[in-house]
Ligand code: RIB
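A single chain, nothing else alongside it, follows as C-alpha cells in the form predicted on its own.
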C-alpha cells in the first residue's frame, strides 16, 4: 500500500501563532503587537508541504491533538498523504513566533504531541514502507535515533535536518544519513568548530557523515553542498524579505525533490534557492511555500 510514496516525512505538526512586532520583546518589556495570525506549521509539516508542492509523492507521519485537525486538512490540500497521522489526547504542539520589521523571527516552541510518539508507533508506521524510500526527519519529535536505526535496518534512505539542534544531536547516528541539512549554527554545534568558514564546517561535517550529501545553508549568504568529493555553491536570490519563518524548510523540500527526480546538485541548489527566496517574500509558514509551476516560471 505504501509503495506509491517517494518520501515518508516523520515530523512535527505545530499550530503557529505569529505576532508582528517592531522589535523582539526584551526582558521585563510588554510589547503591543502590530498584527496576529494563526497558521499551520512545524518543521515537519512545512517540509511535507514543500515536498508535495515541489512535485514529490510524500506521506506525513506525526502526532497531533484534537485541536490540530486543521493541520491534517492543510496537508491534504497540499497533496500530502495523511494515512500515517497519529492522534493524541493531549494538546498539539504550538509555536509563538515574533516577526520583526525586517522580517527576522524569534520562536518559542511547546512540543505537545510531537514528543509523545511511542516505539510501537514507530515500528507500525515503518512496517509497510519499502526499501529505497526516503525517510525525512527533523528534530522536533522524540526518538529520532530509534527512527534512524530502524529505517536503516529496513533499507530506507535517510535525510535529516537536525533543527532545533540541541546537545543530544551529537549522539545521533549521523553516519546513517544520505542527506544532511544544517545551517551555520547547527554545523558549528555538530563539528565543535568555533568558525564561520563554510569550507572548514563542510570538512567537519563530511568527516561526521562520510556517505552523506551535506547541505550547509547560510541564509542571505547562499548555500554550500558537499557531494562525492566535490563542493558546490549557490548564492541567494535577492528578494525583499517579509518573513523568514519557512525559508529553510522550503529549500529542503525543493532540493530533495530535484535530487530524487534526477537533477544535478547545481540544478537542485538553484531551484531550492529560488523557492526559498519566494517563500521569504511572503508572510506565514506553510502558506508561503510556492508551487513548482511558480518556481519554474521565474527566470
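Small disclaimer: the values here were computed from a predicted structure and weren't measured. Numbering follows the first chain given and starts at 1.
What comes next is about the form predicted in complex with this ligand, which is not displayed.
Not one of 9, 148 and 178 places a heavy atom within 4.5 Å of this ligand in the model of the complex. Not displayed here, this ligand is kept clear of residue 158 by more than 4.5 Å at the level of heavy atoms in the model of the complex.
This ligand in the model of the complex comes within 4.5 Å of no heavy atom belonging to residue 279. Not displayed here, this ligand is approached by residue 46 to within 4.5 Å at the level of heavy atoms in the model of the complex. Of the heavy atoms in residue 272, none are within 4.5 Å of this ligand in the model of the complex.
Considering this ligand in the model of the complex, the lone stretch of 205-213, 169-177, 69-77, 107-115 in range is 107-115 [heavy atom distance within 4.5 Å]. Proximity to this ligand in the model of the complex, defined as a heavy atom within 4.5 Å, singles out one entry of 182, 95, 226, 136, which is 95.
In sequence order, 14, 16, 41, 42, 43, 46 are the residues of 9-46 having a heavy atom within 4.5 Å of this ligand in the model of the complex; the partner itself is omitted from this view.
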